[in-house]
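Starting off, we have a lone chain in the form predicted on its own, written out as structure tokens.
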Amino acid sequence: MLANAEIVRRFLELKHQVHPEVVSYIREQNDPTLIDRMAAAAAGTLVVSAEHIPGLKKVRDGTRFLVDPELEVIMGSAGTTGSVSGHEDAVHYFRNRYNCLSSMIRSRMTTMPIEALLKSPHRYRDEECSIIGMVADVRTTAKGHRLVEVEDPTGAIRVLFNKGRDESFAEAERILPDEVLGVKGKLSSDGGLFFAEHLFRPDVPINNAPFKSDRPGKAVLISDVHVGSDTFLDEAWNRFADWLQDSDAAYLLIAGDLVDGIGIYPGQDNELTIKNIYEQYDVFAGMLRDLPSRIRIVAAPGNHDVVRMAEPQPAIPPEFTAKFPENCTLVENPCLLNLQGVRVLMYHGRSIDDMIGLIPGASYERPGEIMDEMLKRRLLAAPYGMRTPIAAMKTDRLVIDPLPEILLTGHVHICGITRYRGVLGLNAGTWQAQTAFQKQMNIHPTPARAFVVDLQTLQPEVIDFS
């Protein structure tokens, strides 16, 4: 298999630079002739990108039915979450996750069940083969290698990522518990270990083509309002509300933490201006009623809202939202929306805490990079049993399928933007100034900002109301 450095060197000899996605694609295909063919297709261009891959056509993920209503909740309508009935659901949950994600990987590689390797180790010894499994355990060995136990429905095997292999080890350091991986490599002579040479993730297809609306429409995307907190920026919100009166926005999406809540953390009472949870939602309802009634509002819960912590979270109950305006649609977290044919996946983003703790170099200051990692894994939340509670039901609603055009998150109070293989990722910041806890953690929020996305072009604009 070609090494990354060798691929880059050969492109440089042909007077080209090369995009990392192209390097990964050539390694996956294991076809050295692609280098010369792509260099010829990119004649006159400095950087060889995915558009120069021979025979690669941009493909949209799924068909769009452009009918009324212009706003449709595809997944996450109020009342669809359900409850967990017992440990049997957990078995269904992880099996569903494995089946969904393994099928995405299987479209790019030919694999064999782990059981076949375990039963006939001598047959496959020193022969290159591929497996797909869910990560049951991952750790670093005393010598600095990465040892991962993966399992499929037929069995489990230990996979070793050698720290001397730069190409696979950099990604191996970012492996998370409970994600699904494809691994190409060789079985050890005793059949007890699988030596990894290349790692595959479900990922966004390199030829993904986002859908764009065929008619004018703009969506405003925000998150983490935190009404009731003594650090809520009411003056900035009023400027935002005044701006909406004169704007041509058709939709307003709010990705959770509508209010600051009650009893979320020790000592919260000392930081609240509204200490009654019903009053917090009533004040927020009044804020929404002051906005133009022509704007379709979609509001989801977050970890500060009055619903269970476990994801997926149900929509906020009617007893708290009786005063919300009629143009407001309440949804669950996460939810998938259709705005004029443009899919928006809205997720509050609690799992960002876990991913920052597990991925080397990840930071709250760069939430866009975390959204890239979610898209690569096609999972909003991978690890089970950590800071992000997950309700293990019969289907995994945290799998990213189908692909959205826009991924909207919040939670970390810092604006972030990314564009990964055609998917626009936005973290919408907050309407709350720096809290005492954030000062202790040296986290610097970027409050009072709103993203405006043109649904015809998918181009975002950030407007600062601070």
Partner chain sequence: MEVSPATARYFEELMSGLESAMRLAAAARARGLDPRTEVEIPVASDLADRVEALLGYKGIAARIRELEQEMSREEAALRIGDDFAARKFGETTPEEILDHAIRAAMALLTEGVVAAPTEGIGKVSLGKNDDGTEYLKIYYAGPIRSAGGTAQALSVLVGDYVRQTLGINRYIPRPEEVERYIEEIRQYNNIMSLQYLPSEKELRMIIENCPVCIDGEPTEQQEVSGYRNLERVETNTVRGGMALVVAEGLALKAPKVQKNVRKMKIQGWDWLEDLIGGGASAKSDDDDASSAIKPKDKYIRDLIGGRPVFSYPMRKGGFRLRLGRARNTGFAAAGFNPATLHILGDFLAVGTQMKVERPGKAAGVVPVDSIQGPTVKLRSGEVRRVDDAAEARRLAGQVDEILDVGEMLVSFGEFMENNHPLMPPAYCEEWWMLEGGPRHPENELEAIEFALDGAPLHPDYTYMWDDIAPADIARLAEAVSADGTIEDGMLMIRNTPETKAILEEILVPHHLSGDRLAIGEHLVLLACLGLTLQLTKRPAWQDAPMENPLDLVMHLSGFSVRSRAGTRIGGRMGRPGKSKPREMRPPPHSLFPIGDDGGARRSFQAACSSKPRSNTDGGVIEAEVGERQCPACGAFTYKNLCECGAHTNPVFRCPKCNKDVGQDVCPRCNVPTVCLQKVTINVKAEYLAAMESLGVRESSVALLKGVKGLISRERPVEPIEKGILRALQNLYVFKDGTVRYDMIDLPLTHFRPDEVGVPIERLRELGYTHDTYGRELVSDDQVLELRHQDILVSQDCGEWLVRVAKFVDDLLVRIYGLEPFYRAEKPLDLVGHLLMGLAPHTSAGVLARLIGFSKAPVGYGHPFFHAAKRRNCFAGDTEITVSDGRQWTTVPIRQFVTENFDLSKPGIDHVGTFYSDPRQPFYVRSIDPQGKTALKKVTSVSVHRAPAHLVRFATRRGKVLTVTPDHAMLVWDTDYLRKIKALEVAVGDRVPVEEGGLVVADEVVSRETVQALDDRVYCLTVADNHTLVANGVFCGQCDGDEDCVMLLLDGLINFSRAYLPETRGGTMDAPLVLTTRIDPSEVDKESHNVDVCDRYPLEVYNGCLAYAHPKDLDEYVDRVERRLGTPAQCEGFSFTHPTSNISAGPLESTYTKLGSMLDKLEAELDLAKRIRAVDEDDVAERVLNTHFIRDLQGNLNAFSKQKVRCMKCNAKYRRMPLAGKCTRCGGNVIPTVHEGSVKKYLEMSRNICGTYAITEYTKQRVEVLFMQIESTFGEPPEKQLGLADFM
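Everything quoted here is computed from the prediction, not taken from an experiment. Positions refer to the first chain, counted from 1.
FYI, the form predicted together with the partner chain isn't displayed, but the following is about it.
The partner is absent here; in the model of the complex, the one residue of Tyr98, Tyr124, Phe240, Phe211 having a heavy atom within 4.5 Å of the partner chain is Tyr98. Screening Pro317, Gly191, Pro113, Pro325 for any heavy atom within 4.5 Å of the partner chain in the model of the complex leaves a single hit, Pro317. Contact annotation for Gln245: none of its heavy atoms lies within 4.5 Å of the partner chain in the model of the complex. The partner chain in the model of the complex is not approached by Thr231, whose heavy atoms all lie more than 4.5 angstroms from it. Under a 4.5 angstroms non-hydrogen atom cutoff, the partner chain in the model of the complex lacks Asp396 among its neighbouring residues.
Using a 4.5 angstroms threshold between heavy atoms, Cys129 stays clear of the partner chain in the model of the complex. Contact with the partner chain in the model of the complex holds for all three of Ile264, Asp269 and Tyr278, each having a heavy atom within 4.5 Å. Between 381-389, 367-375, 326-334, 251-259, the stretch whose residues reach within 4.5 angstroms of the partner chain in the model of the complex through a non-hydrogen atom is 381-389. Scanning 140-158 for heavy atoms within 4.5 Å of the partner chain in the model of the complex gives Thr140, Arg146, Glu151, Asp152, Pro153 in sequence order.
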